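Presented as structure tokens, the chain that follows is alone, the form predicted alone.
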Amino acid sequence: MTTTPTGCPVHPRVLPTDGTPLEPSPVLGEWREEGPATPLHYTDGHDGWIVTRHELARRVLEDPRFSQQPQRIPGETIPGGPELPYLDDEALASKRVANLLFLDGEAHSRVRRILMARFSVRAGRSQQPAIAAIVARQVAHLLTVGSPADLMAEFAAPISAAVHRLILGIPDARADEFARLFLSEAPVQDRVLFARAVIEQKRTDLDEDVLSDLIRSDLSAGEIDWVALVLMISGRDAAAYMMATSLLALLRHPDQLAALRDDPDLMGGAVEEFMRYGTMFVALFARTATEDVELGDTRFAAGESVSVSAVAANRDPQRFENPDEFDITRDAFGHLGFGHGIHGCLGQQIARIEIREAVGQLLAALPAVKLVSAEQLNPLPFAHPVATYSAGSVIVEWS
């Protein structure tokens, strides 16, 4: 290591896998107590850092001196690097210039400006009736399936897929194809071909949606295809995860469930507590210092990669009182459940509406709903190499 932030241990670590969404690994808390940043090992052999304290996490995420490049993943060294999926030459060229998740500076801002109109607070509010209708249809479906049922498979995942198609503008006729390719594992090249086909279809039928905005923009054809692909992949699984995990948190805390039933006006703040308490990202995508960076008493050397643990930062007692308690009446604003800074979640306003409608409508429709079992109550493999918790099945019953 070229630098050691104050109070840090010497030897790089790997991320703990013994945590769950509602009970993160105690190792993260131990690291937070040891110092502001802990040495972390990456799969390419690099030794960087993981930040577990809330204040430093926010400062790293909003500092333009940290780049999304190179793309590093925490974990044990993989000799020769990970096996890359097949992509045709056109897709590879598009990926190099338009991978929104890993663009920096003006290149990132240029794309984000095109997209923001559909993801603003105002835009989210305009979509609320349509999202409420999607949730209502899925509640009806759940009642048809009958008790017991899996909230993830029969409720949360279909809602997130339908809202995703609505906001992006994916034609209804392609709903089944979208579900087959994006709600389960599928070759990346097949997803690329789907994105291209949808864009071609949309060129002759522009509407008021994200894909139409991309087509109207000054982006090249290759940029449009890859940004569309990234948007089709990103966010949908996180929204489904949060709906299922939020409901699980309520069912595991009857006092909080009763409070929300008694006072539905608590829902706005409850959504923020859902995001804080059940955070998905054990580690966000790594940032790399482009120069020596000093943030308070912490110094990162140029070239060192830094991962921010949103899970750990959201349980920081210096930011949230009694952080391991689930309390829907607390002021949880300022959490990092949606990330932070220029790479904060683009669709967070839409996600808030999804979660609010899903939880509210389900509790209203099923006043006697009870938890049967949930896979995520025990440690599951990470849902993504960057280290995100899995929702798993959440089985409920009702009379």
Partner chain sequence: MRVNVDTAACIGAGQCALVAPDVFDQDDDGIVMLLNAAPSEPEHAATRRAAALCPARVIVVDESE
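If you're wondering where the values come from, they're calculated on a predicted model, not measured in any experiment. Numbering follows the first chain given and starts at 1.
Below: the form predicted in complex with its partner chain, not depicted.
When contacts are judged by a 4.5 Å heavy atom cut-off, P26 does not count as touching its partner chain in the model of the complex. When contacts are judged by a 4.5 Å heavy atom cut-off, R252 does not count as touching its partner chain in the model of the complex. A residue is said to contact a partner when one of its heavy atoms sits within 4.5 Å of a partner heavy atom; H141 fails this definition for its partner chain in the model of the complex, lying far away. The shortest heavy atom separation between G341 and its partner chain in the model of the complex is within 4.5 Å.
Stretch-level contact check against its partner chain in the model of the complex with heavy atoms at 4.5 Å: of 45-53, 369-377, 27-35, 346-354, the positive one is 346-354. Residue R112 is the only one of R216, R112, R174, R137 with a heavy atom lying within 4.5 Å of its partner chain in the model of the complex. For a residue to qualify, one of its non-hydrogen atoms must sit within 4.5 Å of its partner chain in the model of the complex; none of Y86, L92 and R180 qualifies. Counting a residue when any of its non-hydrogen atoms is within 4.5 Å of its partner chain in the model of the complex, there are no hits in 223-246.
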